[in-house]
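Given as structure tokens, the chain that follows is alone and in the form predicted on its own.
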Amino acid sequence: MIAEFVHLTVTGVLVASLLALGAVGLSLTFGVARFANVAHPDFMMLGAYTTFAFNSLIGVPLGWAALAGIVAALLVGVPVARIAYDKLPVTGTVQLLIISIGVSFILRHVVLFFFGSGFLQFAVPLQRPYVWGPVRLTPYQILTLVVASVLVLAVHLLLSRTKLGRILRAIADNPVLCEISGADVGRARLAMWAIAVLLASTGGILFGLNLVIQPNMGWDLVIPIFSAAILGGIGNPYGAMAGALVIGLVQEWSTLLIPSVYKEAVAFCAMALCLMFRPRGLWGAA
């Protein structure tokens, strides 16, 4: 029982590292753009499929394919986000939410058209796991933990140590005052979309490296990612990191008591309980 709990804890941390890359970008988007971008998890799907195209279809080694896939995802995702959310004459949060649902459907069906609906895998060799007692981790899982940790640290340094980070935090706090003070809000929003797509596409690549990819993977990740972001206080990137850890652990620990097919329901229940008792999130203001 203890060995299984330790194994599930390590697996939960691994899941949390993937969710954190999506949840941090989602919270950053919400804080700056002021709406819930339902299409955000589909940027993860986009990164996974662009990498698959370079790796499995063209034959590029995974490392270079991942870099090319991230660049391709940025070249597609950032203009889509800018046109759909920044350039259209729409400002209401409800209208932007509906537009994001449309963007999600478009991205998903474009992938369905070109790649089909089947499950796909990257062209990488199988790896033997390293075993430390009850803990079993493959080199790909270790790489996932390292890359996710580096990116989360990079986001922290960006927000806390750079001029762009201060502008993004100022926009999230008071966009009107920030614009009046002379900050280039348009350029900051462009950078925000680039950061969000970069994090999401990298998360999608790491997801595909450890599991399989399919066109609905973005939709399947909506509840866990939104749960992590809401649990941490939507609009708070630091809270999203902690929220992802909570959701990842709770989902895996729940399999000790209930079948694993109910993991998404567990994430939804955690989000619902948070909204009932802490509407601003566990790490939001009371």
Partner chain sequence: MKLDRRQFLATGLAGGATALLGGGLARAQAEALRIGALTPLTGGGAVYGTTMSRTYTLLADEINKVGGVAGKPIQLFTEDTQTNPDAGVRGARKLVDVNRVHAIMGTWSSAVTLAVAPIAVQARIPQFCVSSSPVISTFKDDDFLYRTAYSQAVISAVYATTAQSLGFKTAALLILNNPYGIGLGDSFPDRFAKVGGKVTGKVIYNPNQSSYRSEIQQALAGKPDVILFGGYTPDGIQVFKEWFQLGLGGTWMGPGFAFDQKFIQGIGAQAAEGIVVVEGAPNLAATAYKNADKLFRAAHNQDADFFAAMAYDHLMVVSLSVLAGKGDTSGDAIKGQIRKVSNPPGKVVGTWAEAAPLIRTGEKVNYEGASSSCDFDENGDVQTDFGVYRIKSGKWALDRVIKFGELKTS
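C-alpha atoms forming the largest set that superposes within 1.5 Å between two forms make up the rigid core. Residue numbers count along the first chain shown, from 1. Everything numeric in this text was worked out from a predicted model, so none of it was measured.
From this point on, the text means the form predicted in complex with its partner chain, which you will not see here.
K.L.:
Hey, in the predicted complex, does R278 get a heavy atom within 4.5 angstroms of its partner chain?
P.N.:
Answer no; every heavy atom of R278 is more than 4.5 Å from its partner chain in the predicted complex.
K.L.:
Applying a 4.5 Å heavy atom distance criterion, does R136 contact its partner chain in the predicted complex?
P.N.:
Flag for R136 set to yes.
K.L.:
Even though its partner chain is not shown here, does F119 get within 4.5 Å of it in the predicted complex, heavy atoms only?
P.N.:
Answer yes; at least one heavy atom of F119 falls within 4.5 Å of its partner chain in the predicted complex.
K.L.:
Tell me, yes or no, whether I180 is in contact with its partner chain in the predicted complex, where a contact means a heavy atom of each within 4.5 Å.
P.N.:
Result no; I180 lies far from its partner chain in the predicted complex.
K.L.:
Select from the listed residues V150, I142, V71, V212 the one whose heavy atoms reach within 4.5 Å of its partner chain in the predicted complex.
P.N.:
Filtering the options by heavy-atom distance leaves V212.
K.L.:
Is its partner chain in the predicted complex near all of E4, L8 and R128, within 4.5 Å of a heavy atom of each?
P.N.:
The answer is yes; E4, L8 and R128 each reach its partner chain.
K.L.:
Just one of 24 to 32, 249 to 257, 236 to 244, 54 to 62 has heavy atoms within 4.5 Å of its partner chain in the predicted complex; which?
P.N.:
Contact-bearing stretch, as computed: 249 to 257.
K.L.:
In sequence order, which positions of 149 to 168 have a non-hydrogen atom within 4.5 Å of its partner chain in the predicted complex?
P.N.:
Read in sequence order, no residue approaches its partner chain (within 4.5 Å, in the predicted complex).
K.L.:
With the core lined up, does the C-alpha of S56 move 2 Å or more between this form and the one not shown?
P.N.:
After core superposition, the C-alpha of S56 moves less than 2 Å between this form and the one not shown.
K.L.:
Aligning on the core only, does the CA of L18 end up 2 angstroms or more away between this form and the one not shown?
P.N.:
No, the C-alpha moves less than 2 Å.
K.L.:
Is I258 among the residues whose Cα moves by 2 Å or more between this form and the one not shown after superposition of the rigid core?
P.N.:
Yes, its C-alpha moves 2 Å or more.
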